[in-house]
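What follows is one chain in structure tokens, specifically the form predicted alone.
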């Protein structure tokens, strides 16, 4: 544990005591996500004839921010150690379906749907991490396989009819005040775990140097499993709030959520490979930026496919600029 602390401190020192050029880059990377969010907010405020700042649109924006921010909090733990997950959207869809089944059962409390949905999401994220850790399959491949499996399951389940719930019974979950408090609680718990416990510090240490962390006594597999369990919890929470908002589950439920989460990570300035510079606030700022960007482009009247294209271009550009390659490496 002592060597782990030394390793973590050394990483911190490398972050906060770099050369002049690195210091400038570090400060720019810290402030640019905030400036980017302010910029696009001002742009949409002036280009949508006031519709962006309307009360109805602000309510819609809060709903969009809610989902992306909660997922961003969960995936921060995964990216902190250099991992990723391409199955978020499909897992969310299956979790929503199972949760809807529970809600449609007689004499079943509403909270049971939440617990079951969270459990389902955690099972799939556990499978992803287990395949990666035990079978040594690259996490991109493992999560992509789970994505296809869950997508196939959901498509089969709704092949004849979409799953519906009693919308009026669970409409109370769309209350803005309730969502605000849930959001604050999730962010607070995530921030404490990430910044002040061995969970977050160990994951960032693994992202900085997995081999050194292992030899320092860090149970790398245990913490990687834990990271995916946390992600599963956030996916389960979002699945049920999304279900309460739309009232049904279709074959497209959750589609694109993983890309929104990854875009949030990039736009917020969160290092792709994790490490000591990985900050959970970066993921949250990025999540808000993604929600504002999607909302504003929709108000302008762009087709959803074009919006995804714009996000893809932004993702490539920002990754190309911010990705850190080691000296002498052609492929990182």
Partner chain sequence: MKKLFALFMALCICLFSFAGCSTSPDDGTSKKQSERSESSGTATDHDGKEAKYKIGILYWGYTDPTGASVKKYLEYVGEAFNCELVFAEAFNADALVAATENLIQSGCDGIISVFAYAGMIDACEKAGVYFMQTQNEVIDESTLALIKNSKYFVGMITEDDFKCGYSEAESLYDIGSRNVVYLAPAPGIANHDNRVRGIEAFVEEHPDMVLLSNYRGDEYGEALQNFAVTYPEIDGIILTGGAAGSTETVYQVMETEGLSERGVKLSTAGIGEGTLERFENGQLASIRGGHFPTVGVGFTLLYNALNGDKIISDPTKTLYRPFLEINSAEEFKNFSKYVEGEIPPYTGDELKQLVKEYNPDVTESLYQEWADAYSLEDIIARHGSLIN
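Positions refer to the first chain, counted from 1. Keep in mind that what you see is a predicted model, and the values were worked out from it rather than measured.
There is also a form predicted together with the partner chain; it is not shown, and the following applies to it.
- This chain lacks the partner; the member of 259, 140, 191, 126 within 4.5 angstroms of the partner chain in the predicted bound form by a non-hydrogen atom is 191.
- The shortest heavy atom separation between residue 32 and the partner chain in the predicted bound form exceeds 4.5 Å.
- Mapping the unseen interface onto this chain, residue 263 falls outside it, with no heavy atom inside 4.5 Å of the partner chain in the predicted bound form.
- In the predicted bound form, residue 51 approaches the partner chain with a heavy atom inside 4.5 Å.
- Interface membership of residue 285, defined by any non-hydrogen atom within 4.5 Å of the partner chain in the predicted bound form, is confirmed.
- Only one segment in the set 237-245, 105-113, 118-126, 78-86 has any non-hydrogen atom within 4.5 angstroms of the partner chain in the predicted bound form, and it is 237-245.
- Shown without its partner, the chain has 49, 50, 51, 52, 53, 54, 55, 56, 57, 58, 60, 63, 64, 67 in segment 47-81 as residues with a non-hydrogen atom within 4.5 angstroms of the partner chain in the predicted bound form.
- In comparison with the shown form, the Cα-Cα distance of residue 57 and residue 177 decreases by at least 3 angstroms in the predicted bound form.
- Three angstroms is the minimum change: in the predicted bound form, the CA atoms of residue 177 and residue 55 sit closer than in this structure, by 3 Å or more.
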